[in-house]
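First, one chain by itself in structure tokens, the form predicted on its own.
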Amino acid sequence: MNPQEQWVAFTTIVVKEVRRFTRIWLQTLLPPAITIVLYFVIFGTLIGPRIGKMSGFSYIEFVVPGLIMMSVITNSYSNVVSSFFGTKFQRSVEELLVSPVPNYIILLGYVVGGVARGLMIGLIVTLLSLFFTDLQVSHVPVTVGIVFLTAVLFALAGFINAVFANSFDDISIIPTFVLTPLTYLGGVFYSIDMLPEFWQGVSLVNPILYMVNTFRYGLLGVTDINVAWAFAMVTGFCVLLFVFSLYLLDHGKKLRS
């Protein structure tokens, strides 16, 4: 395929993915918005004033970056894992694999679709947060860079989960038993400075901690970790998962009957 044909194939997959989650917005866009509003009401309005300040900010200001990032992570992941597994379950993935479309175009199309949903939910959550607190951006490049890389990373992770899943139950195992615990223990609701030294060390093994704290640094200018190291780690994971996902597509692992 020439570059123009590849571009047509790529945009076709992306448009299909975007239309997929916008067409059923009552299931994909509205529930995360309602959930986050409940977080804002409970933690920001009811519990926040009793907790007081954290890292020099009111509690609602402190948790907003974490809640935005949590929304981006879960929605980037869930969009790709559900969409690609549906394609695999219906056997239409075999038609994609035998088509002249390069595998990297297929992968990029699904990943960009997941990133689009993650960033759209992130934007919705950000706008909703303005009803509860004044949101300022201290470092725009850091904020934009980390949220984009995080969305890419978890879109790729969702793709890998979809490839290895054998049933619809399998696509919920990783989000339930891995993604959710790591997210809640990733510094969304607290600073690791509050933890004993041992548990601070344990927390540093959690990659989501670096993403949340880097995003918080972009918005508030405070962080518990090294921002440069966080960018290097997230970028490295993105490259690693992209190569592995492409390998799975090239070899048809768990895709061809």
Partner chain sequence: MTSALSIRNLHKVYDSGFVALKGIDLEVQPGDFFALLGPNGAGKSTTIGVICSLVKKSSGDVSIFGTDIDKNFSLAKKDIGVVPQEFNFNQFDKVFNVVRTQAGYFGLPSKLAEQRTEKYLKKLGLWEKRNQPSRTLSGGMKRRLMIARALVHEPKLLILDEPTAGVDIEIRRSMWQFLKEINASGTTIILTTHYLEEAESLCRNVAIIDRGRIVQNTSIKALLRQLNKEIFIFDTQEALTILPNIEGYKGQLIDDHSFEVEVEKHQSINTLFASLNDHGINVVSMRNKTNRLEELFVSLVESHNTHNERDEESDEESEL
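Positions refer to the first chain, counted from 1. Since we're looking at a predicted model, the values are computed, not measured.
Although not depicted, the form predicted in complex with its partner chain is the subject of the following passage.
Remark: all three candidate residues (Ile13, Glu94 and Leu97) come within 4.5 Å of its partner chain in the predicted bound form, counting heavy atoms only. When contacts are judged by a 4.5 Å heavy atom cut-off, Val101 counts as touching its partner chain in the predicted bound form. In the predicted bound form, its partner chain lies within 4.5 Å of some heavy atom of Ala9. At least one heavy atom of Gln90 is located within 4.5 Å of its partner chain in the predicted bound form.
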